[in-house]
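In the form predicted on its own, a lone chain appears below as structure tokens.
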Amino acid sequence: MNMPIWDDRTWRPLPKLTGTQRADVCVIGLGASGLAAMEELVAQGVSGVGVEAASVGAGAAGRNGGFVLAGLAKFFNETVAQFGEEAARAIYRLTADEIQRQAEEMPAIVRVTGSLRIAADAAEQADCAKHLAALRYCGFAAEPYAGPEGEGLLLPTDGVIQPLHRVRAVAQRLRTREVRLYEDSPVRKIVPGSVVTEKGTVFCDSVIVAVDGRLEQVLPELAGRVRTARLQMLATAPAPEVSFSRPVYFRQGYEYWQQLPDRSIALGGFRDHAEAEEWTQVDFPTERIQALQE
């Protein structure tokens, strides 16, 4: 079944954009980043309209592994090498603080559990040592780890999230403040001064494109410079015979899993086994990757 484990089917859909709207800013995409942009616009007293092609969190924002990890996608030592110590430290601190803030704000949805980076071989174990040294040098908490999952690092400020509940909770909070959010409103074109959807138009001064997958479809001028990746996951029935208290990143993050409160497992990865096929705008799972996950 191509449905995320996170969906409890209780969402009350937002309206579809029809006719015209006027705003200072139009936000395209109502996933985590688009809704964060809408919240900031409200905080700054700027009028905004948010549009979503499908439903809130229908893309990666509501269908991911449920990890909340401080820093960038690259491991911290790699971030230091690419961007420098000062920038890497600032980004890590900001994101770690944001995880803590969200856990305090939404304790039923975001939990600080710590995360494990587990090495698949000696080379990755050596990189874990560099990762640990870089974090400690910059003043961040991290510990070497050895346990039933394997050997690697314990990163205590990381956590887990129910990603679909989180984005829907933010959208609901905005909806109660009568912020203008619209689902089922795919953008057909962006022209100076307006965003044109299937059934309506937003006249605006600025546009924020908060889209991950299919970005090159929303902004055709980016074709050849960006591309969409399919990330596949699988969920199990409750599995009380195993116990994972923390989310696990294994094999450079090409395999990852966490155990949910009901004891079921949400796991993903293996895209490196068919990487050329996974650069695609098609979001339906493939038998090849699903079989590896099984």
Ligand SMILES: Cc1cc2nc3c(=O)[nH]c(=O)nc-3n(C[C@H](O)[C@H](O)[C@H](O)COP(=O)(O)OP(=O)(O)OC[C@H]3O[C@@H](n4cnc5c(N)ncnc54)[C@H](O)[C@@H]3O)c2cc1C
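Residue numbers here begin at 1 and follow the sequence given. Treat the numbers as computed from the prediction; the structure is a model and nothing was measured.
FYI, the form predicted in complex with the ligand isn't displayed, but the following is about it.
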| item | value |
| --- | --- |
| Contact of Val51 with the ligand in the predicted bound form (heavy atom, 4.5 Å) | yes |
| Partner contact for Val211 in the predicted bound form: the ligand, 4.5 angstroms, heavy atom | yes |
| Contact of Tyr256 with the ligand in the predicted bound form (heavy atom, 4.5 Å) | yes |
| Partner proximity in the predicted bound form: Met38 to the ligand, non-hydrogen atom cutoff 4.5 Å | no |
| Partner-facing stretch of 183 to 191, 84 to 92, 103 to 111, 124 to 132, counted where any non-hydrogen atom is within 4.5 angstroms of the ligand in the predicted bound form | 183 to 191 |
| In the predicted bound form, the residue from Gln252, Ser47, Ser264, Ser33 that sits within 4.5 Å of the ligand by heavy atoms | Ser33 |
